[in-house]
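Included below are structure tokens for two forms of one protein chain, each presented in isolation as structure 1 and structure 2.
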Structure 1
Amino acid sequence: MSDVYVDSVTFVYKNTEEPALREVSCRIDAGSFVGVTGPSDAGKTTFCRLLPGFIPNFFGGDFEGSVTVGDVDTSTTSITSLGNAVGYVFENPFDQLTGAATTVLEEVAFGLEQRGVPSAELERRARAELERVGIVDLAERDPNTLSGGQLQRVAIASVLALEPAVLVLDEPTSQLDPDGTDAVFDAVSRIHAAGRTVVLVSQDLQRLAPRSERLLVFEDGRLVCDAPPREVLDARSLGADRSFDDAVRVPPTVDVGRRLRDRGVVPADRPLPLTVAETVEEITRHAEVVTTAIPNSDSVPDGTTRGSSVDPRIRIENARHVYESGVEALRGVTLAMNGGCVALVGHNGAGKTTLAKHLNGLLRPTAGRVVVRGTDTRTASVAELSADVGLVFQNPDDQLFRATVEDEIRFGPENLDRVDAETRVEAAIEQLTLDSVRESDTYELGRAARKRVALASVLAMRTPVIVLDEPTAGQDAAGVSIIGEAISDLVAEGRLVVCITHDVEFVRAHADRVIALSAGEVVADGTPREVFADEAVMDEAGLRAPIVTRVGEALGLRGVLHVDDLLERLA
């Protein structure tokens, strides 16, 4: 086992002017678990690239300072040699997988095979890692038939199989469902408990903070916080003029804990709660719970429930879809959607993205039909449907292709021959706060910013229906707020917004209606309060209720959806 030393590192990528890292120094002790967080484009990924030697050996630029793993200087050692000590899991699984394997098992075993591991041992270790991340049942599947979240777990298993002493994970769960996210965090925790060093980047502080021994917070290329998680979260500030809450998504348990202290319910000197169990224990000790019923005042927008008499914008009638591989992704789905923000939730592989691609004709039903604003998608081209339905892909790189941000946003309205194209472009840039990067090369932006560019390019088309696939994945607090406000504006304008997401906290805050899918079937359809309160549905769909809902249930309060709901019932 080896300590990692980062000493006074400043790094400027080739063809850029501003440093991605500025005078960063820290020590990562052997066998420790270090969490890394901060705003988008703050330097987190660049920091991680230092550890396996990707910087400066692969990513060119101006490098100052030093990084050592044990007694090895990463700047003078090959990436291949460092790979024996440092394993790296990329945010995007497509950047990691070989693309040549015909089965998931072969993909995970590829690295072991390159190291000359005997066949029997190779298969045993590959299956063990698939079991560890919860997808051993996919061992014989073709990787090309998996969802993005399933592929991410394959990528993680392929690195775990190599048994690196230092494991670096860059947003490894941004595409995973709650079950998959918990499986990965639990697997990484077990790896740490076995003595390995873990460095994990995540915006999910609800899961990261309780597991980390230290939390590194980056902003503008600088390491601005390096302390135990409770200490970092209690500070509420990254400096004299920068709120911590503006930079990262504060865990709901911490939000509840802070507000209890601000109201004098809990002594200010008590450590902040990081887990649901700690929050429940704190409330039980310091407050009296008033178990009055919480009324369900939520309502579903007109014309969105199944069987509605209103002619909806989208009607799906007994739709089935079977891929060429034989996988049945949709099994008799019947839905009607007209307005509001509709969240499609469910585990990876539940059929959410398949359903979304039926809404603009990218996929056509094997049986049944999909009708969009009176048009049967089986008889219309994708180009014709694009005037009615705008789809933002989960991976922005599947969607973006023009040289600059402004050109990318302009393509849609120009292609639809809209006379007010420039007005639309300016409005979308303002709405997604992209003015400062409008002339930038899209591919020089971070992934979170590229996702907002993809969203802006669809908003500029002003379609009556907008479909967003995992819009908040990898976004910092500011990005989530920007996207949430954009969705609220669209709903206020009377448009239908369909969000595919695993982010139940975002659903809690913005969705009018939740449709839960499991194995290609609709298992629930109602308001967030109704769906999240149904434990059987949540289990079947592989979901976790919002944190405040889980705290409420543990205290005997059903239907809690907001922190205010909870605090109003404490005396």
Structure 2
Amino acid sequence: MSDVYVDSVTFVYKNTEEPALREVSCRIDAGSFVGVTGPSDAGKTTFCRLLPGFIPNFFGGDFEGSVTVGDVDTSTTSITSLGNAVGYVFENPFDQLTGAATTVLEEVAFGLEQRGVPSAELERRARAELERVGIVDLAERDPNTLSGGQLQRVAIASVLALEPAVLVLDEPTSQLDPDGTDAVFDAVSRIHAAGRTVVLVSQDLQRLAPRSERLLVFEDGRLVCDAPPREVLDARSLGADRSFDDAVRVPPTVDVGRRLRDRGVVPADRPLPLTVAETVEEITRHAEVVTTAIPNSDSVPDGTTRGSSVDPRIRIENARHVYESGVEALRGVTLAMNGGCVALVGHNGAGKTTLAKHLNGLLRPTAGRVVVRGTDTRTASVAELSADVGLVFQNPDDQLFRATVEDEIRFGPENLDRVDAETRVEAAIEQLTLDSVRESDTYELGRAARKRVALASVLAMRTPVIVLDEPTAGQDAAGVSIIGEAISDLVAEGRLVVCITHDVEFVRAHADRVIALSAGEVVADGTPREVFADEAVMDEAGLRAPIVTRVGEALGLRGVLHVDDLLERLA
């Protein structure tokens, strides 16, 4: 059997001083599903790289201990032959493809071609793997034209074609939208059910925990916890002084479950719920639900509303945008935005990014107009508008280029020619807690930290309007809270923050107003409570409501936004 043994491994990457892994030992049984989680830069990726022999065969450094897959010692076996035993799926969907395939089928067949598998068998095996991950209909497509979620499944099929016993996936969904994420998790579940060992790294415990037989938590290079997920998330079973709440993003159902136990609604010794169904089940079993309407006490903050009398910072009048390709991305959008935190939600392709690019003039409406602080965007250059609107894109690597974090953050204020550039840089460094890495090379930081650098580089421009594209993607628990606080500070200073996001839990916690887009049109605009309660709109926008709202709905309660809303209705 192909059990995996990791035996007291310590590893220090070349040219670094701190070990990336410290005396890590564990055993992964053949056929098990192991989830791996923990903060950024805690050693999760380094751990994954052990299994296919990338460490020590590709990444040089000081390696101690041993790793065996079945009866094979990884340090004395080539990456190529380990490829037959361990399949590895990387975070970035596109980069891990061969790049030399003009169709999906060629991509999946690549590994088999290299091994000289007879032509007759090639196509059959490649199609079988595509079938397994649910994309056999894409076999003839050019990989360049696929979405991230589809590409990630192509990558899974490509490594599965070599029939490895173990599949390792390093944050395969951190760059995907919710549909893509679900598709990947479902494919992985099927692969596990068919008998393969799965090791899956993710920050998304709401999806990871219910599937995992065991959860490994890494912190600072150490394997600090190796237990079934319910135990990892249950402070009592760990002992009073141990909790991993700082290290992992506690899934919302666990959060609800804990509150129910604290309140005495559910017996404290009952195992924590890991899914919405389990939460609903324990509530119906142990509590009475009082189905009175929840008063809509929230209001959209002053000045953000549609009918404001003052001229708002951003006014969009019947804006349309047709790309050169003929795609109509915006079909008559009318909006006014002035302050607060506005969440822009909707499917991929609904027009969110197109709309965001209209706010600083990167795109101009092909009909209608966009007015930013009194200036029609058609009459100003992007460089001029960048003093009014700061826009942070999703991928930090599309903008970082200077030698140090500090220098990078200075780029924006320099372009604006501001005399107080230094104070702005300092403030942004502090706001995103980057002080300890200010002298570092940005690319020596992990992706989550690089994203905060990119954010800081735009905050330092002190624009009255800030637009953020997926600010929480790939962030760990600490990162989400740093970004959340930064946004709250900005709103408190009276600035307008617009977040494009799929992270409904983040919207629930931080947004004052939710605008849902679908097919280039605004389909809902209101408080989070109003929009999330409207199932028809949520369906149209391709969104799933926050967990607590869904629990409420299953219990016949509409408009539940916080755990307190729920607790008040339970007797």
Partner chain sequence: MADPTESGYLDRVRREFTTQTWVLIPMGVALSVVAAYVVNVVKVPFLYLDALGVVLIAILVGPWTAALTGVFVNLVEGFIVNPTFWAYTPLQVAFGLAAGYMARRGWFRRYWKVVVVGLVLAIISIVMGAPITVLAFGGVTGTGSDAVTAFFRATGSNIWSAVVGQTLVVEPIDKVVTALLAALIAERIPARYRPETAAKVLDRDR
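Remember, predicted model here, so these are calculated numbers, not experimental data. Numbers follow structure 1, counted from its first residue as 1. Rigid core (definition): largest C-alpha set, two forms, superposition within 1.5 Å.
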property	result
Form predicted alone - which displayed structure it is	1
Flag for Gln206, CA shift 2 Å or larger between the two structures after aligning core	no
Core-superposed C-alpha of Ala100 shifting 2 Å or more between the two structures	yes
Large Cα move at Val537 between the two structures, threshold 2 Å, rigid core	yes
Cα shift between the two structures at Ala516, which is computed once both forms share a superposed rigid core (Å)	2.7
Per-residue C-alpha deviation between the two structures [Ala367; rigid core superposition; Å]	5.9
